[in-house]
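Next up: a single chain in structure tokens, the form predicted on its own.
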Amino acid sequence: MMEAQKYVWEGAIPLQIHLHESEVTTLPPPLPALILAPRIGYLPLLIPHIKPHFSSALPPGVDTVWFEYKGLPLKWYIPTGVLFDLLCVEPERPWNLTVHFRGYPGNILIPCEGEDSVKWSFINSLKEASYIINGNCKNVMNISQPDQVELWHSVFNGNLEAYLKVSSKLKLGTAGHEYSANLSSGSFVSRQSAGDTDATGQVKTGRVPVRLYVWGVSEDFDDLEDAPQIDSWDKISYINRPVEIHGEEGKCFTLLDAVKSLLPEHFQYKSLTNEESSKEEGEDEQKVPSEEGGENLSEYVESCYPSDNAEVKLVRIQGIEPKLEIPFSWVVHNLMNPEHFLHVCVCLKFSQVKIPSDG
């Protein structure tokens, strides 16, 4: 696990940042700034590094810094790596962004006062994750001031060792570590699901904090370079729902299962008798456990099929496109962000683009 987590923390995106032409007051205009941006970081944290590069070319006035990509203002509270995965369907390196020091688009972006705003956004997300996992956020609320400072500094500086030392005090255990051995042996099926087990060995439910970013396309595409450009936040649904994992003997709760459980509006369930299920076994690689409250009906097997107009075209997490049959608990345990949310970018192809959003 540590090796995968280390890769996540060391992940960085090369940025080429241009000063917007309307704010250039010198000739020749300044060259773009080149910088490596940590995937788990946030764009406002780069300002102290790039402002000196552009300061001599800026017009007079008060700084209100924001970034854009191809005309789209970038939401500063979304981790940089997630923004890249979401908006660059065909990854470009370096990623060409434009920085503004004036004219903050308050009608699109919530205010940002620099590092303090980012820090408190991070802490609030941590509280939210704690509530989802434990049913309360006492451990985060009660963390000492020195530990809170150390926790933030570890994220700010990308120090995984310091982060693990402090975050262990929060007791935010995530659902399931039991797939590690199975993956090592090449097996995708666990004896238990991603839920923890109690003293009797019974599988308990697990709740995983997930932020899902979904965009829909009506045109089909085979190559990522042909995917439609996202030019408005209205085209993206931000879905903030926990994944409920219900244990079921002999079944593996996969990444595809998790995505479908988060988007019940686009995937329908169909009941099959055991006899019918056995006939179709091997023909459908996307069978999943029931999401109907975890009920176990002996004479029925619940299977999930895509609705007539929905197809998962792309799932991207931490810059990779994992196989959809990978155990979800491995994804959670290895690819989660420091605030204990799993950020998942999903592209759906369907005939009528209509995705519900939580805000």
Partner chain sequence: MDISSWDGTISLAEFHAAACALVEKWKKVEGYLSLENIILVSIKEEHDELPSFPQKEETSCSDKEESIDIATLVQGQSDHDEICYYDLHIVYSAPYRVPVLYFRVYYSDGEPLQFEDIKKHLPAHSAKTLLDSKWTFITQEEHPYLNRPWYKLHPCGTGEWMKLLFQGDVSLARNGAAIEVYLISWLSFVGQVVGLRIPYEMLNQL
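The structure presented is a predicted model; accordingly, all values stated were derived computationally and were not measured. Numbering follows the first chain given and starts at 1.
Below, we turn to the form predicted together with its partner chain, even though it does not appear here.
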{"query": "Site check D222, L224 and P228: each within 4.5 Å of its partner chain in the model of the complex by heavy atom", "finding": "no"}
{"query": "Proximity to its partner chain in the model of the complex, single hit among I143, A162, L72, I108 (heavy atom within 4.5 Å)", "finding": "I108"}
{"query": "Single option in N139, Q148, N124, T98 placed near its partner chain in the model of the complex, where near means a heavy atom within 4.5 Å", "finding": "N124"}
{"query": "Residue contact check: L256 to its partner chain in the model of the complex, 4.5 Å heavy atom", "finding": "no"}
{"query": "Distance check, I132 to its partner chain in the model of the complex, heavy atom within 4.5 Å", "finding": "yes"}
{"query": "Y77 within 4.5 Å of its partner chain in the model of the complex, heavy atoms", "finding": "yes"}
{"query": "Proximity of F156 to its partner chain in the model of the complex, heavy atoms at 4.5 Å", "finding": "no"}
{"query": "Answer range among 115 to 123, 163 to 171, 89 to 97, 148 to 156 for contact with its partner chain, defined in the model of the complex as heavy atoms within 4.5 Å", "finding": "115 to 123"}
{"query": "Members of 207 to 243 lying within 4.5 angstroms of its partner chain, judged by heavy atom, in the model of the complex", "finding": "R207, W233, D234, N240, R241, P242"}
